[in-house]
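Only one chain is given next, in structure tokens, and it is the form predicted on its own.
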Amino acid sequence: MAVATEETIRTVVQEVLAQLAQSGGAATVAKGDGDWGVFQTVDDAVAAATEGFEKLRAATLETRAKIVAIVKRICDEQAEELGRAEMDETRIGRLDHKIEKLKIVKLVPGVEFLRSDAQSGDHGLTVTEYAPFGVIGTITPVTHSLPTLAGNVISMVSAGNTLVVNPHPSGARIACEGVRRFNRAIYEETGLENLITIIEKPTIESAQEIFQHRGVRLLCVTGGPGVARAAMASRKRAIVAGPGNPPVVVDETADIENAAKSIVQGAAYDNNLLCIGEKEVFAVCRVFDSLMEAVGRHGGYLLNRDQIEQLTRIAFSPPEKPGGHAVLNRDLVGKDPAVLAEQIGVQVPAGTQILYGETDVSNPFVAEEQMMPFIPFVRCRDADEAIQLAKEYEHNYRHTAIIHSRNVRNMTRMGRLMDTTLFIKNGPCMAGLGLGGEGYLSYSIATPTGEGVTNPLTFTRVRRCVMVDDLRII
């Protein structure tokens, strides 16, 4: 048997490396810093996303549609594995709902949402088209780390953009894994690379770098008040999905069984992590007691006044300064009702969806976006008082409000007064995102900046192309 020389070995190795690079097996790694879109620095991530954008710009709409289909397929087919990984990392919410949130990513609209507008007249033809910005900097939350990222990919890539993502640190591992899987599959089917880039170890500093980076053309931020304010303070245009504290009004004309079922369904979803989720209920006296009984029939466990006081003391600390907000115990966010109940020495039946009970408006569960499956119910004199309290404790976030009523006047008055992005009547909160109601799904709801439920057109620039005196056929 012939013995290979050192030169022969070197030649073989070089050929293997070249073949790997051509097949994609080492294409990203060969750039030095990336791992299928996962980067260590913002500069590297933006540079890769910029290169990805230039290649995407040259691709067809059919290719964009194929990319969207890839992301949706991965979320659907791998939902159980990825949902479990997200649950294992974040330790908040419910596994069944983590899986479901990935399954329903397929409902997020893609390239079919794009359109061109045309106007013709005596002076020729004008075509208005919707063009991409380029690289979009995105911040994703811990509450829905991978679903929010996937939804943003669908909307932004449909519009022709690429992304650089700074995930919430407590959900970074699953976000990075999702990006690897998306990018690998996209490359295998289209040859395009780094349409999605992400910072592996995100920090406040890396978020600020993205906010200020010259290569980032647009920001899309989903998170709490702090990150929302930071994004809006940057010099870039920002699409911001900020906080909410959605109130529910139940008046004397409501279908009580439907109201109770809807409140439990919405408030229990992912243990009340949804920013659109029912957080506090204002019900009129005439139906208050019957509503409380109905909630118990639909999976609620009623706490008495002493138990509510105990839970409140555990869930919140006093404000750090006079007039400030109560301080939320983050260790209880997104925990199961049984876990909350155990904190006060209560055992609840299997299948309990939420804890609930009567409070007054001084209880911090009413005023704060608490993201726990305990819902305070406040007894109100009439619909006028309930609507006014709903307005006060929504804090003018203009995010989401809900009413259960058959009185058109009450519905109309509340809708005008609240002025929220989502206003749901006689259904659970999810109906506002096309889940049980009409409309489409998105995980980014831009309330402070006004874009509303985002879609591919949200992430486009409006461009006008004019032909003077020609191209008219009539």
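Bear in mind that the values here come from a model prediction, so they are computed numbers and not experimental data. Residues carry their position along the shown sequence, with the first being 1.
Keep in mind that the form predicted in complex with a small molecule is missing from the display, and what follows is about it.
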message: To test your reading of this chain, name the stretch in 168 to 176, 379 to 387, 190 to 198, 280 to 288 whose heavy atoms come within 4.5 Å of the small molecule in the predicted bound form.
response: 168 to 176
message: Is it the case that Gly242, even though its partner is missing from this view, gets within 4.5 Å of the small molecule in the predicted bound form, heavy atoms only?
response: yes
message: How about Ile445 - does it come within 4.5 Å of the small molecule in the predicted bound form, if we only consider non-hydrogen atoms?
response: yes
- prompt: Wondering, does Phe113 line up within 4.5 Å of the small molecule in the predicted bound form on heavy atoms?
  reply: no
Contact test in the predicted bound form: Ser155 vs the small molecule, heavy atoms, 4.5 Å: no
Contact assignment for the small molecule in the predicted bound form, among Leu340, Val248, Ile139, Ala268, heavy atom within 4.5 Å: Ile139
Listed residue that, although the small molecule is not shown, lies within 4.5 Å of it in the predicted bound form (heavy atoms), from Ile104, Ala294, Ala230, Val348: Ala230
message: Suppose contact means a heavy atom within 4.5 Å; in the predicted bound form, does that hold for all of His144, Ile204 and Thr222 with the small molecule?
response: yes
